[in-house]
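Read the single chain below, which is given as structure tokens and is the form predicted alone.
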Amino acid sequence: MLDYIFSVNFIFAVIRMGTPLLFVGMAAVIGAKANILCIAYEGMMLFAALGGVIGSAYSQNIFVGMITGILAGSIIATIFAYFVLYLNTKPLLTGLALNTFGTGGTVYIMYLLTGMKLDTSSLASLQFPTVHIPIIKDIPFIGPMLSGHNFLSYLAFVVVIAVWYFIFKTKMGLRIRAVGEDPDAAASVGINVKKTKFIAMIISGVIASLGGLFMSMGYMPYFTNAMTAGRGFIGIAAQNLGRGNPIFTMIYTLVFGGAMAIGNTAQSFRLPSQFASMTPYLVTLIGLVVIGSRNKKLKTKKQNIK
């Protein structure tokens, strides 16, 4: 196991496993900056994953599949934003409802189109290409580690930089942070709080949808029932551990990706398959304990200051 962890294959697997978590983590960062409690990323990813497969299968165009998937995931984000911001529903309950809808709704749509409830392998859907980086691919050790990944894996790291720039260097990013930190103060200077949060949620939905697209058009060549397997929640945990900072969140998503890679490899050592399924969530629980302990210390420190 140690030989594997210190190998090129492990780093390659970490990037691959961490790609959907990166997208969800960045989506959660934007939602958190707008002070929106959203747990509906699972639903967004599932609809995006199925939408991408359907769009690419019927059009035989990868770009059409990408747009279809993003639109499908963004619809879920729009529904969440409308219900929470304009109908004043509970964010937690709304998120749970949309995640449940994502799990059941995608299976129903898949059954209507293919007659199958397990996967869409009967559809001739497309996959995003593997990218071999010139020059880098020929460098020993580094080449096999960094080159040969799916297109969306490279896009995920570009999104990290884009989200950082958007939040801290743009006017809209400043507005999102303002309504998240103090909505009353933001409203007093003419910022439309609900509109700004709505926009933030839509952007968050678009980014989360890319994670769903990777699951069905990169990680696997088709859509399967509940294929996100809790990755939306793991992305939220990474955002919390990273305190809403895109760079720190990226680091934690890769840590969780490493846990997934170790879990999958553990099966080759004749460990139960349940161990592979358990590993990333065990690491998530440990992370949540760290968050709780850290928040408790900060709260105690503030009370002592007072």
Partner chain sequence: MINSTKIKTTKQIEGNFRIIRTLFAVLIALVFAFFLIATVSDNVLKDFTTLLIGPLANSSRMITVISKMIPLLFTGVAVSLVYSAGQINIAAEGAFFAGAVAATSVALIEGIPAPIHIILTILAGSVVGAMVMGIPAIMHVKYDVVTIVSSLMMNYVALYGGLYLILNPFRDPLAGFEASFPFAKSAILPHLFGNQRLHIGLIIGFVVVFLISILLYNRPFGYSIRTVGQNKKFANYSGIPVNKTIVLTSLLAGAIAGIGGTVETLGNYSRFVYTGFTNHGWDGIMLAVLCRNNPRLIPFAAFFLAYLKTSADSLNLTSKIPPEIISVIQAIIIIFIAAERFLAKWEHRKIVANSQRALAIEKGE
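Fair warning: this is a prediction, and the values are worked out from it, not measured in the lab. Numbering follows the first chain given and starts at 1.
Although it is not shown, the form predicted in complex with the partner chain is what the next lines describe.
- Candidate site formed by I79, T89 and G292: every one of these residues places a non-hydrogen atom within 4.5 angstroms of the partner chain in the predicted complex.
- In the predicted complex, at least one heavy atom of Y108 sits within 4.5 Å of a heavy atom of the partner chain.
- Within this chain, K301 is remote from the site of the partner chain in the predicted complex, having no heavy atom within 4.5 Å.
- Proximity of T100 to the partner chain in the predicted complex: non-hydrogen atoms within 4.5 Å are present.
- Contact check for I236: a heavy atom falls within 4.5 Å of the partner chain in the predicted complex.
- Interface residue among G143, P221, G104, P129, judged by heavy atoms within 4.5 Å of the partner chain in the predicted complex: G104.
- Among the residues L96, I161, I136, A187, the one placing a heavy atom within 4.5 Å of the partner chain in the predicted complex is L96.
- With the partner chain omitted here, the record of contacts in the predicted complex names 108-116 of 200-208, 108-116, 152-160, 174-182, defined by a heavy atom within 4.5 Å.
- With contact defined as any non-hydrogen atom lying within 4.5 angstroms of the partner chain in the predicted complex, the contacting residues in 29-52 are L37, I39, given in sequence order.
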